[in-house]
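Heads up, the chain below is alone and in the form predicted alone; it's given as structure tokens.
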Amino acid sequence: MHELSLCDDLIRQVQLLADQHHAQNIARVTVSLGTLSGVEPVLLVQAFEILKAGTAASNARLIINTVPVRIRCDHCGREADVDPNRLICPACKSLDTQLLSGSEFILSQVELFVAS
């Protein structure tokens, strides 16, 4: 379950942002998660619930935006969303493709509460 270590890094990163902005707490953490990232969303949410205790994110909600697999064909130039296990150009059926998205795990947004 590498989601635990990934989530530990995520919590540290949002805690650092909260400290830098003198936030009282964190309301929401949004990540972009590619379907080829190797990260299981359910396990990531479970890890987040465990690791957020005692941090500025203790009441935060984790939002996961799933990023589809997108390729560009080096043969015909077409870009398309494809199934994770089928990185073949849907137009010309070439296997000569480049992965454009779908493997990322990115901290996209953090919503902080800052006292005024």
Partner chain sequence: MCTTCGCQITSGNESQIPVEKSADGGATSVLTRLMAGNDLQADHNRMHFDQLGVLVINLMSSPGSGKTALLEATIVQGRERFRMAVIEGDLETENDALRIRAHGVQAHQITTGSACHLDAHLVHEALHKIDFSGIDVLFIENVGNLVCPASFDLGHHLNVILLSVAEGDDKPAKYPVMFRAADVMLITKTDLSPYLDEFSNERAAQNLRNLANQVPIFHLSARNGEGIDVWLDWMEEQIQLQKQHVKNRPSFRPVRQPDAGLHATRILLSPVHPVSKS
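All values reported here derive from a predicted model rather than from experimental measurement. Residue numbers count along the first chain shown, from 1.
Same protein, other form: the form predicted in complex with its partner chain, not shown, and the subject of what follows.
- Taking non-hydrogen atoms only, D19 never approaches its partner chain to within 4.5 angstroms in the predicted complex.
- Of the heavy atoms in L62, none are within 4.5 Å of its partner chain in the predicted complex.
- For L95, a non-hydrogen atom is located within 4.5 Å of its partner chain in the predicted complex, even though that partner is not displayed.
- Contact annotation: A80 falls outside 4.5 Å of its partner chain in the predicted complex, judged by heavy atom distances.
- Residues of 91-112 lying near its partner chain in the predicted complex, listed in sequence order, are L95, D96, T97, L99, L100, S101, S103, E104, F105, I106, L107, S108, Q109, V110, E111, L112, the criterion being any heavy atom within 4.5 Å.
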